[in-house]
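One chain follows as structure tokens, the form predicted alone.
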Amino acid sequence: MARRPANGQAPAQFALDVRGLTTSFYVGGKWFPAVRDVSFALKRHETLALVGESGCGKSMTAMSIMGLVPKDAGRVKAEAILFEGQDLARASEAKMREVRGDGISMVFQEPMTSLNPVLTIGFQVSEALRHHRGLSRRDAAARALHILDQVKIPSAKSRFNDYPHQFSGGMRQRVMIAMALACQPKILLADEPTTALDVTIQAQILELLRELKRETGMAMIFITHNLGVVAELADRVAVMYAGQIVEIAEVAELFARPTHPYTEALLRSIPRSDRDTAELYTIPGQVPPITRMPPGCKFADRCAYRLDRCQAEEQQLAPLAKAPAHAVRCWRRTEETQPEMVVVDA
């Protein structure tokens, strides 16, 4: 893993450097962390996938980076969130408004409800250009039309003044991507952009993101629970569980050598056409609620490999001796010289 300098600056190869991010919510008179000490670095032009079950903290990590956690309900703390020489963890709301939609953009999870139903799609795409680039209404509209063509909206010129309800789910998702890319951001946060879309449209959206990433050179954080998508799109993968990153590795390495028991279980649970559905593997137990997190490993109660130490003492994310770019949060797997690996055919 790349070394980070002590002066608080992100190395030049990093588009984003997140250090010690914790996001907590006030429940029953106490603060409870939903994202717990998350650290990762996103390289320039890289796609990093955040994967895990629903509720593991993937979307909240992205919302925290963007400064979108409501201040009356939650609080975000971090050692640093470094972007373009700025620490977003200490940025004012005015500064964050400059960054959002310009330097860092986000495609939100639900295309059917994320667009404003009373504004035309042309207005919604051009709004960011007028705000961040100071373009006139006419110039912003011309640029927005070009972007809608770029994301392959059919007959974009004739549909420029249509409203969201006149578009299908897949077309709305393309509009969301056009809005996010309008100002050519350095980083795109894509929060499950293929959720609720059929498999044909999913494939089209993924190919569109790949193509746009090649054309613009942006880096991307792709949030999903679909490991098949991860295998297609990502360069590296960070697996999250109960608000923590439990494993991070290059995508080929993670699929060939899943090391954390949770990662291993996730890969086992992928349906396969060459197996009977009666054999579908499920992970026993449930994710603990944020109000009742166990003191040691958060996955210990569901883990077949747990040690006594796992339930009492929390492990830090540590690189494997034979693969320094592959880090895992597991006492058994980091201490074994020859871990008992279960290689999963993805």
Partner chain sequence: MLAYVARRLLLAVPTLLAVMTLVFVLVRIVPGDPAQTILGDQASQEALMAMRERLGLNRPLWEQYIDFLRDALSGDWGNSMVTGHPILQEILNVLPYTIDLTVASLIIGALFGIPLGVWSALHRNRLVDYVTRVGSLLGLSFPAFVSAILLLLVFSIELNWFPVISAGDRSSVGEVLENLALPAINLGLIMTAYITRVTRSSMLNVLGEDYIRTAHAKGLPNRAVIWIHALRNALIPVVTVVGLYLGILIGNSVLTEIVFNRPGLGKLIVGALSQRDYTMLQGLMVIYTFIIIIVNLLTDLTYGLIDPRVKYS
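Positions refer to the first chain, counted from 1. Source: prediction; values computed, not measured.
Note that the form predicted together with its partner chain isn't included here; everything after this is about it.
In the predicted complex, none of the heavy atoms of residue 87 sits within 4.5 Å of a heavy atom of its partner chain. Among heavy atoms of residue 115, some come within 4.5 Å of its partner chain in the predicted complex.
Taking the partner from elsewhere, residue 101 is found to have a heavy atom lying within 4.5 Å of its partner chain in the predicted complex. By the criterion of a heavy atom within 4.5 Å, residue 108 is counted among the residues contacting its partner chain in the predicted complex. Contact with its partner chain in the predicted complex, judged by any heavy atom within 4.5 Å, is made by just one of 317, 310, 63, 303: 63. Site annotation in the predicted complex: the residue of 220, 248, 240, 179 reaching within 4.5 Å of its partner chain with a heavy atom is 179. Using a 4.5 Å cut-off to its partner chain in the predicted complex, each of 68, 123 and 165 places a heavy atom inside that distance. Only one of 129 to 137, 78 to 86, 143 to 151, 212 to 220 lies within 4.5 Å of its partner chain in the predicted complex by heavy atoms, and it is 129 to 137.
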